[in-house]
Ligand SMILES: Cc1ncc(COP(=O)(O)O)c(C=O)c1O
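Presented below, as structure tokens, is a lone chain in the form predicted alone.
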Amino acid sequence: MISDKNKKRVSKRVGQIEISATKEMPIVAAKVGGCVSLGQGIPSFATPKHITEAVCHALQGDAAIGKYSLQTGMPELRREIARTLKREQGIDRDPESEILVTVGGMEALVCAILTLVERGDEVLMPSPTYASHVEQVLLAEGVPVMVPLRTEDWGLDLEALDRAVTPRTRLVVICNPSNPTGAVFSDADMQALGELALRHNLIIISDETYDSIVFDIPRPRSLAADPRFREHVISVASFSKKYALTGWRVGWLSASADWMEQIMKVHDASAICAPTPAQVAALAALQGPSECAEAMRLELHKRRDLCCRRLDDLADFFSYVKPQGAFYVMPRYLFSNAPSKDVALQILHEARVITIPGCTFGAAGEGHLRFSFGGDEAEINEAFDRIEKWLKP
């Protein structure tokens, strides 16, 4: 706990942000002991072998691996990202001036937000939304404006978004597929969002961390693929989830050269460059066999179905929207009127299961809990066994 004396020295921008509950709940659980997790969004898979082998080879034979890369990232990696964007999404980006390799998707997001948000600027955020997006806007001294999603399917409410625009509105920040709901916004709704941005001269920061992790439906199309929106979309992606590289901390940002020139200033001041060994891992991920990523997606599909079956067995206690992407489901709890943080802590202490309170994702998340099915089937079953025993003693 910071002393009152030092608290006065903390900047306002830092004093108003918080560590998200996704990080806080595991800390509490470590003190409780013996917990299993439906909490933090970490896939259980090991980093694929061909990736670790490529890094080991570079560590042994490439003297440059222990040095800084170019600030924008290794040229070969940027070219490979550009080829991947063109092949998978039809997006044309110049690897020299429109792609930046970052320290995970999180650094990419904060660089873009700090570049574009002035003190008092409003940022539209479909809610429930990823908690760290909110904290990043607050860090930039902006004003998060939560616009509730449709409760029946966690879809975009485009009329509400349009009504929320004011002369102070600068950005829309969106995560598709969604963390925390697991929803995948339709291409039609995303096109309408792009048109809204054109109409009001807004920028869309599109968090596409989970874009390849979808179930039963086609992969969503990035707005950056439409030439009309090219100057209005900044795309952020990560290697963490698709390739099981969470600890390697490497992602990327793509934007028009005008935006990139400014975003690079923040990147340079905060990180200089992404870790070179992590960039070698990312390059191996893109150049290596794609079967490993597909195998992980299929396994997550099975875990999604398992999680939904277990929730169906608890229909008297939870209602939920079946997720179509990412590896989260956000059920409403029916057994209590208590705030979601209290419910999550009660489950943690009494059932010894980590869940994430919905309030951390905005007011629209209150009354819900976020469950992650990133863990293996044994952990998912153990967590639900404990919750069921707790609910049905």
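Counting begins at 1, following the sequence as shown. Only a predicted model underlies this, so the values are computations on that prediction, with no experimental measurement involved.
This next part talks about the form predicted together with the ligand, which is not shown.
Interface residue remark: Ser240 is counted as part of the site for the ligand in the predicted bound form, having a heavy atom within 4.5 Å.
Taking non-hydrogen atoms only, Met106 approaches the ligand to within 4.5 angstroms in the predicted bound form. Not displayed here, the ligand is approached by Thr209 to within 4.5 Å at the level of heavy atoms in the predicted bound form. Within this chain, Cys175 lines the site of the ligand in the predicted bound form, having a heavy atom no more than 4.5 Å away.
With the partner omitted here, the residue from Arg249, Arg297, Arg221, His232 that has a non-hydrogen atom within 4.5 angstroms of the ligand in the predicted bound form is Arg249. The stretch that touches the ligand in the predicted bound form, counting heavy atoms within 4.5 Å, is 209-217, out of 275-283, 209-217, 261-269, 114-122.
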